[in-house]
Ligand SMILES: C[S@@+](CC[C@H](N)C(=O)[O-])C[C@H]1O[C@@H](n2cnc3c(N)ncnc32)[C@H](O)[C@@H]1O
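First, one chain by itself in C-alpha cells, the form predicted on its own.
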C-alpha cells in the first residue's frame, strides 16, 4: 500500500489510485455521506449536454461519473491515467481511454464539452491540463470542473478541516483498500486554492466567462467556463 505526496509525481499518483481502485466507489460514497451522487448529477446539469454532444470525462476513474453524463444522451468517453481505475470500471459500458491530463491523446477541437471531477487537484501541472482541455474543446464548447473547495461558513470550515485530517483517515481504514492514500487526499484538499483563485487559474489557461457555484456549503464547487470562438 502507498500514498502519493503533495509534489504529485504522476507515477506516484497513478500508482496510488491503482491501489484504491477496487473499493474506490464505495469508499467515496461512505466518506461523502452519499453526497457524491448529488455532485455527479449537478455536474451533468451544469454541462448542459444532450444527444449529439461529444463529451470528455477526464480523471474519470472507474467511469461512474461517465455513466452519469451519458444519461443525458450525449456520447461520453472516460479518460484517466490510472489503468487500474479504468479496469475496475470495466463493467461500465462507456468508451475508456488511458491518458495523461497534461498530454491528452485527442485531436484539437473535437469535444463539445469537457469535465473533470475531483481530479484536477491531483495533476502536477494543472495550468497545462487546463490548456489541454481547451485545446481539445471546440470553439464555443464548455468546461465544468467539479472539485473540493473552501466552505463558505468559517465555523463549518473549521469542523470540516478537522473531519478531513482526523475522521476521514479513520473511516477510510474501515472501508478502503488503501487507507494511507486518503491521508494524501485529505492533505491535498486542505492545500487546494479557494473558489476565486481557481477561477483565476482557469481564466489564465484561456477559458472565458469563468464562474462558480458552491455545493454542500462550499465543500465542493462547480467552476464553469466556455472556449471563445
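Residue numbers count along the first chain shown, from 1. From a predicted model like this one, the values you see are computed outputs, not experimental measurements.
Heads up, the form predicted together with the named molecule isn't pictured, but that's what we're talking about next.
Contact with the named molecule in the predicted complex, defined as any heavy atom within 4.5 Å, is confined among 152-160, 76-84, 130-138, 105-113 to 76-84. This chain appears without its partner; in the predicted complex, the one residue of 186, 70, 47, 64 with a heavy atom within 4.5 Å of the named molecule is 64. Within 4.5 Å of some heavy atom of the named molecule in the predicted complex lies at least one heavy atom of residue 24.
A residue is said to contact a partner when one of its heavy atoms sits within 4.5 Å of a partner heavy atom; residue 144 fails this definition for the named molecule in the predicted complex, lying far away.
Among heavy atoms of residue 60, some come within 4.5 Å of the named molecule in the predicted complex. The shortest heavy atom separation between residue 13 and the named molecule in the predicted complex is within 4.5 Å. Contacts of stretch 150-164 with the named molecule in the predicted complex, defined by any heavy atom lying within 4.5 Å, are made by none of its residues.
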